[in-house]
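Before any questions on binding or motion, here is one chain by itself as structure tokens, the form predicted alone.
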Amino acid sequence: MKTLNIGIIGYKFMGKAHSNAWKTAQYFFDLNIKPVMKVACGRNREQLKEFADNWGWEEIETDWRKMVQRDDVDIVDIATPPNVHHDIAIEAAKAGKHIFCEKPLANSYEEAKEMYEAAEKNGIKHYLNHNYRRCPAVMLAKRLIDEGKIGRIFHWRGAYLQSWIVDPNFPLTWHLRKEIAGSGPQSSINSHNVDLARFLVGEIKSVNAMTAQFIEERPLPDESVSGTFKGAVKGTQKGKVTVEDAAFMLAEFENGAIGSFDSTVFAPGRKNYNYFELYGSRGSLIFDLERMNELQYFSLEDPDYSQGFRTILATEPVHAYIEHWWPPGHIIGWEHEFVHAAVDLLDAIDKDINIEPNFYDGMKGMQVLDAGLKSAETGERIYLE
């Protein structure tokens, strides 16, 4: 069997999720290419070594530029904060490496455009990990739309709600610093919702948005505490939060549909609530990530006496990816979407076919997100070129 060597950059939350995907893919799917977990890259050698040993990476490297240039690395997996996505992806593309990149693609539309152009110029396969497209229930929604079951789409209502920084003593992690994160929930989580809307409804024509910042300063993190969310020490200095805490965006799609996008990390009780409602001339769809194996479907073509939302459990072999997992009714979880992405990228390389979402989708998504931030700043409706 042909093999391709993976080099991953980043070893925290997303590094673990990506590692699990590369490791698991070969056990459940019939692959023509076997992924080899060759080298893990990060700045802290001690933590990196522990990560590599735990997940099965053969080697470690603390300089991402050296790793990208290695002749024995075929796929570069970018699992870092978004402020370095641009530079890594550009260098990887120039080196002829295929790329698996965590979202959001970049910190601006301009950066994303340069990444897309570099990837295309160098003829590599490039994948952007908007993993929610690869939920079997979301793929079922796409199938129903493509088959005309929903008819002409009128409305999209999307929300991505979390609550992890409601506490004012939560530390000033990189997620709350514009120079690293780019923006707050508008890019970190609303990027997912925008991608799903583009996937299911179509391209967005214009946006009108507002943002809010509820806590302006937070304690500086304790650098001695490891982990994705470093703890704060009581009484330490504070730093300024430089991103929004919530964003609300209205949109007009090119096909005439209208939509709303609600994103916040100040929603107590909502841990990872990625939700959408989609209404059309023949039916409606509802999806909730916290019940990710289910899709609610309403059809106007049902008899009047039996009309109502039905809940479809997307765990049958006919549903996307499911035949490779467990018997019907045995649900899958969040981590499985990453496995599906790894499998699809390997398949795209093997067959020399396109994979989506890719850097083009990331570029278009960043165009929408940037327009939303500009609208919030100016108070104007922004039309996308």
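Numbers follow the displayed sequence, beginning with 1. Everything quoted here is computed from the prediction, not taken from an experiment.
Heads up, the form predicted together with alpha-L-sorbopyranose (SOE) isn't pictured, but that's what we're talking about next.
The contact with alpha-L-sorbopyranose (SOE) in the predicted complex, taken as any heavy atom within 4.5 Å, belongs to N272 out of S260, T242, N272, T236.
Contact with alpha-L-sorbopyranose (SOE) in the predicted complex, judged by any heavy atom within 4.5 Å, is made by just one of Q162, N293, Q296, N83: Q162. Only one segment in the set 116 to 124, 310 to 318, 150 to 158, 182 to 190 has any non-hydrogen atom within 4.5 angstroms of alpha-L-sorbopyranose (SOE) in the predicted complex, and it is 182 to 190. Across the proposed site, M14, Y132 and W334 without exception bring a heavy atom within 4.5 Å of alpha-L-sorbopyranose (SOE) in the predicted complex. Contact annotation for K103: at least one heavy atom lies within 4.5 Å of alpha-L-sorbopyranose (SOE) in the predicted complex.
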